[in-house]
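Just one chain is shown here, as structure tokens, and it is the form predicted on its own.
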């Protein structure tokens, strides 16, 4: 029997072995130790607002149904009939009163309870339907973000999110006083390991290089706003593998600085909104349309990235599915939500000026990592240059690789129950 890779030999505090992007045995370990035993993001509550609403998605490799039952409780259930394992739902989203297996007709309630078995008399003895529900995962929610886990023993979601919660609250201010809602998505697959994308969300260092074509496509005022490398922004390790990268500090709290000038690119939108809303509300809506000034990485599969959700789904050691989910104001002005969609398409869309360039870079990392043996991937930018806040938290220059090191520390915990010291704690 082939020995499993030892994750402890693949990471140092400032570097990683290139095989972390391509070893299929390591990938299988990740699917078990990380995606079976951590909180995994599965949905936003706006996707299932009413009883009977559902979506289908994945927790790691496992297909699941996310559904709101008649009492309003959210369930995350394995999309697998308890009879012969057929999926009971193939629709991406919808509304239903039950889930019926198309193979033999076993029927399940919205909470997964087995309700009906055709020709039940054909089973010898008594078929106890109560013992054969769809398998329910543990589910918890924070500020509209729905997470699930297979593991009943891990700490609560509240504990897991920890210091990310104030940042999630700030991100949700993009509702401009209304609830945040999802507004559709772009989905694509890139030929690379999931951790390459995980690293990218709090990597400001690449922005002026990879996204030069995007910067060339916008006005000078926007270019100046996005010229944040070397600016006053920062990146901070928030614990448990999570991190935040603040690129535009004046856009961290969208309810502040409402007297700031309206950017020229939003002047026409503001004029239209002024017909229906008072000046302060117009400014609040305009700031929400432009998005937040930070990226928040929630280990292992969700990023709250300036103005959208980025969700990663590992497919294999060398293939990853990415979903970019647009968000808007639930009950807000249609014209403002349309403006957000146009901005989303400009950067994240398949013909946009941002995501295609990111995907090209991720592809190159994957291909390049296969060249040679025993060549390290460096994760040391900003190491040793951290500053300390009054509360003791460490942060670094916005272009530092602090977020990557945070993610890999948690990766090592999940894979081995061991970790490197946090930055600033010594070796």
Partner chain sequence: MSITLQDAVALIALEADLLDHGAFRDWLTLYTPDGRYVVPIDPDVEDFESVLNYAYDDAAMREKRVERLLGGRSISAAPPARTVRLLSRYRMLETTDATCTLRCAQHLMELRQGRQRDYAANVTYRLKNTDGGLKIDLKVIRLLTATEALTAVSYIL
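Numbering follows the first chain given and starts at 1. Treat the numbers as computed from the prediction; the structure is a model and nothing was measured.
Absent from the display: the form predicted in complex with the partner chain. The rest refers to it.
Put simply, residue 37 is far from the partner chain in the predicted complex: not one heavy atom of it is within 4.5 Å. Within this chain, residue 364 lines the site of the partner chain in the predicted complex, having a heavy atom no more than 4.5 Å away. The closest heavy atom approach of residue 69 to the partner chain in the predicted complex falls outside 4.5 Å. Taking the partner from elsewhere, residue 342 is found to have a heavy atom lying within 4.5 Å of the partner chain in the predicted complex. Among the residues 280, 158, 216, 276, the one placing a heavy atom within 4.5 Å of the partner chain in the predicted complex is 216. For the options 98, 222, 120, 189, the residue carrying a heavy atom within 4.5 angstroms of the partner chain in the predicted complex is 189. Here the chain stands alone, but in the predicted complex its contact with the partner chain, taken as any heavy atom within 4.5 Å, falls in 343 to 351 among 246 to 254, 128 to 136, 343 to 351, 82 to 90.
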